[in-house]
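Listed next as C-alpha cells is one chain, alone, in the form predicted alone.
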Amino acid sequence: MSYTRRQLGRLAGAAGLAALPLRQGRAETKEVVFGLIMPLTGAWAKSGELARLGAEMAVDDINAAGGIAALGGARVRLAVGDCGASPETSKNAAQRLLAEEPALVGGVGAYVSSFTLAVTEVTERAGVPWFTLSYADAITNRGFHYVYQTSPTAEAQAAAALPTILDLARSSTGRTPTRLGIVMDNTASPVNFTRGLRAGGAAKLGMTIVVDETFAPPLSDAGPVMQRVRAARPDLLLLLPTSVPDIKLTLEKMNEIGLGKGRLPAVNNGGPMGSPDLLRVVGKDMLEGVMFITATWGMTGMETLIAAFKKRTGQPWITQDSISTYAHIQILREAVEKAGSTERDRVNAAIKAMDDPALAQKYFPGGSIKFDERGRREGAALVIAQWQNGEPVTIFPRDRALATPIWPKH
C-alpha cells in the first residue's frame, strides 16, 4: 500500500514516530532550511523584528553548537518572509516562501492571528510543520495536522486571566472591580479573547460590561472611543489593540482625558504592550501599572537566555516575540534530530511524538512540549506582566515571577 504525504502525516500523528519506517537523513545533507514569516513592515513591524531577532539567535546558537548532529552536522539556514499588514499579503508571503524554498523543513509565524490563519492555510496544504504563538482558537480548530500552537488560546487566556486579575485587585485593594470596559481592534485574537466575556463570562464573575468598543486598525483618532470609555466609568479596562501605534494613541488619549497614569486600571492581551518601542514613544509615567497577558515573558529560569539576548541585540529586555521564535526554532531542531531526516512528514511525526517538560520549562510557563490532536501545547499557561518603573516585568505565575504585582491607584 502506498500513502500520500498527508496520509503518511496523519498516520504518524495517530501512531507516533515509531509507526513510520525509519530512514536516516543522507550523509550529504549540508543545510536545513527553517522558515520565518513575520510582519516586517507596517503597523506590526516592531513585533515582527523582535521575533526575527529571536529566530536568528536560535539559528546561530544551533550552528555554533555543531548544527544538526543526526545529519552529520548540517547547518541551519533561516529563510525569512515579510507578511506585511494584511491576511492577503500574509498568504502571498507564504506562497512566495514555499516557491523560493522548496527544501523548507518547517517554519514559524506570523504573529497577528489573522495573518497566521492565512499563512497556515498555505503551509498546511504543502505539509509544512508550522509553529505559532498566535492566540486565536481558530488556528487549531480547523482539523489541520501540521500546525502547532504553543500559547494558551485566546479563549483559554480570557477564562484564566480575568479571574486572576480580579484576585490581584482583591488582594491589593480589598475590593473587586465590577464595571468592565472593552476597547479592542477587530483582529482575530481580541475577538476570540472577548467572545466568552460577552456571552456571559463577565457576568459569571460579577462584572457588567459598561462600554464595548471595536475598531478596525490602524486607529486614526482615539478620541471618540476613549471619551465613551470615560462617560461609562468602568473600574477595569480591557485595552486590546494589537499594534504599538494603536496602543500609543489609546494610552495618550487616556492620559489626556484624565484616565491614564494608573487612574483607570488597564489590562492588555499580547506582547506589543511590552514593546521597548512603547517606552520610547509613550514614556514610563503613562505606562506605570499597566498590565498585559502574554504566553511567555522573561521569567525565572530564563536568566541565561535573557542575558545572551540583551548582549547580542542591545534590547533592554526580551519579549514574548523573541522568546517564542527562539523556542520554536529549537523545537524544530529537536524534531529534525529525532527524525534523522529533513522529510517534512518525518519531522512532523517527530513533533507529534514529543513530550518534553524540561524543554518547555526553558521557554514557557507550565506544561510540556507535547501537542494534543489539534496541535495545542498541553498544559500551556498564561503570563501576566506589568509595567513597573519603566520596565515590563513578570508578576504571574508567582513561581516564575520577577516582581511583586501592584494595583494601579485610582
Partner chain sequence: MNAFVEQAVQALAAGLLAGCLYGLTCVGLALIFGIMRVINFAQGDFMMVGMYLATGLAAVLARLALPDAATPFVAALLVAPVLFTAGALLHRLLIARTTGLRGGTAAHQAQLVLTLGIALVLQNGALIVMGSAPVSIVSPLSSSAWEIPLRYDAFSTLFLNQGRTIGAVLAVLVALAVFWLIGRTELGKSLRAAADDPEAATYVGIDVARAHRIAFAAGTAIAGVAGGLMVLAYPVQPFVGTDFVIIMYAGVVLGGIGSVSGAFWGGMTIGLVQQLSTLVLPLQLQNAAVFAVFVLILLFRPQGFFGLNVERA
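Worth saying up front: this structure is predicted, and the values here are computed from it rather than measured. Positions refer to the first chain, counted from 1. For the two forms, the rigid core is made up of the largest set of C-alpha atoms that agree within 1.5 Å on superposition.
Here the subject shifts to the form predicted together with its partner chain, a form of this protein not shown in this document.
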{"query": "Proximity of residue 75 to its partner chain in the predicted bound form, heavy atoms at 4.5 Å", "finding": "no"}
{"query": "Its partner chain contact at residue 256 in the predicted bound form, heavy atom, 4.5 Å", "finding": "yes"}
{"query": "Non-hydrogen atom contact residue 216 with its partner chain in the predicted bound form at 4.5 angstroms", "finding": "yes"}
{"query": "Contact label in the predicted bound form: residue 206 to its partner chain, heavy atom within 4.5 Å", "finding": "no"}
{"query": "Its partner chain in the predicted bound form reached by all of 57, 140 and 362, non-hydrogen atom within 4.5 Å", "finding": "no"}
{"query": "Per-stretch contact check against its partner chain in the predicted bound form, the hit in 326-334, 159-167, 224-232, 293-301 (non-hydrogen atom, 4.5 angstroms)", "finding": "224-232"}
{"query": "145, 338, 91, 248 - the one with a heavy atom within 4.5 Å of its partner chain in the predicted bound form", "finding": "248"}
{"query": "Contact residue in the predicted bound form, from 52, 46, 370, 374 (heavy atom within 4.5 Å of its partner chain)", "finding": "46"}
{"query": "Contact set, 280-298 vs its partner chain in the predicted bound form - heavy atom within 4.5 angstroms", "finding": "280, 281, 282, 283, 286"}
{"query": "Did residue 335 shift 2 Å or more between this form and the one not shown, C-alpha, core superposed", "finding": "no"}
{"query": "Threshold 2 Å Cα movement between this form and the one not shown for residue 95, core superposed", "finding": "no"}
{"query": "After fitting the core, residue 295 CA displacement of 2 Å or more between this form and the one not shown", "finding": "no"}
